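Take a look at this one chain, the form predicted alone, written out in structure tokens.
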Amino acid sequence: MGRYEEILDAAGRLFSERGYHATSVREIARQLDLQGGSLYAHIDSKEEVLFQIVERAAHRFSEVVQNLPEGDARVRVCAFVRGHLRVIVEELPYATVFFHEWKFLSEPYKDRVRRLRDAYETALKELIEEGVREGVFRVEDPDLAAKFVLGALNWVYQWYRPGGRLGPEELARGFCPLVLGALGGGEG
């Protein structure tokens, strides 16, 4: 792992534990046994580090949509759920920062993140619309349904603990029937 990646990982852990504003550049440097000022040889600003962490998480979530399998909407929604939860579990500090700290970015960083987030939500809405057209989902408002599903999935970062009784597959096995039921699509 290169020094920049180490900086992102250290900052991701600190931002997720303490918050962006409560973490100083000096604390990030200390995690890496660097002097505070020498960290700037590797980064332009603390905000740039925040943006890189948030953008990385956003791209990992986008990959979920890009890698959905063929099949009916139930299969695809379960793959979406599984992939979304896997990103949260595998990238817990980055996902935490993505969900909670992105709002501290300035424009145009915030706008770039908003566009990625909105595209992801739109992809899920379109997947739900596809299921309605196929007759496997029964929802009146696919946009509201997508927000509901993402709200349930996104909250996992608050309570998930690595090494606990639920890994990503167990989470997906539990969440898929709940999501499909909420969409009126029965079990997957």
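On a predicted model such as this, the values are computed, not experimentally measured, just so you know. All residue numbers refer to positions in the sequence shown, first residue = 1.
Heads up, the form predicted in complex with a further copy of the same chain isn't pictured, but that's what we're talking about next.
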Taking a further copy of the same chain as it sits in the predicted complex, is Asp141 in contact with it (heavy atom to heavy atom, 4.5 Å or less)? yes
Is Ala145 close to a further copy of the same chain in the predicted complex, meaning a heavy atom pair under 4.5 Å apart or at it? yes
Please determine whether Phe61 contacts a further copy of the same chain in the predicted complex, using a 4.5 Å cut-off between heavy atoms. no
Partner proximity in the predicted complex: Leu32 to a further copy of the same chain, non-hydrogen atom cutoff 4.5 Å: no
Quick one: find which of 61-69, 147-155, 129-137, 48-56 has residues within 4.5 Å of a further copy of the same chain in the predicted complex by heavy atom distance. 147-155
Contact check, 164-182 vs a further copy of the same chain in the predicted complex, heavy atom within 4.5 Å, ordered by sequence, gives Arg165, Leu166, Leu171, Gly174, Phe175, Leu178, Val179, Gly181, Ala182
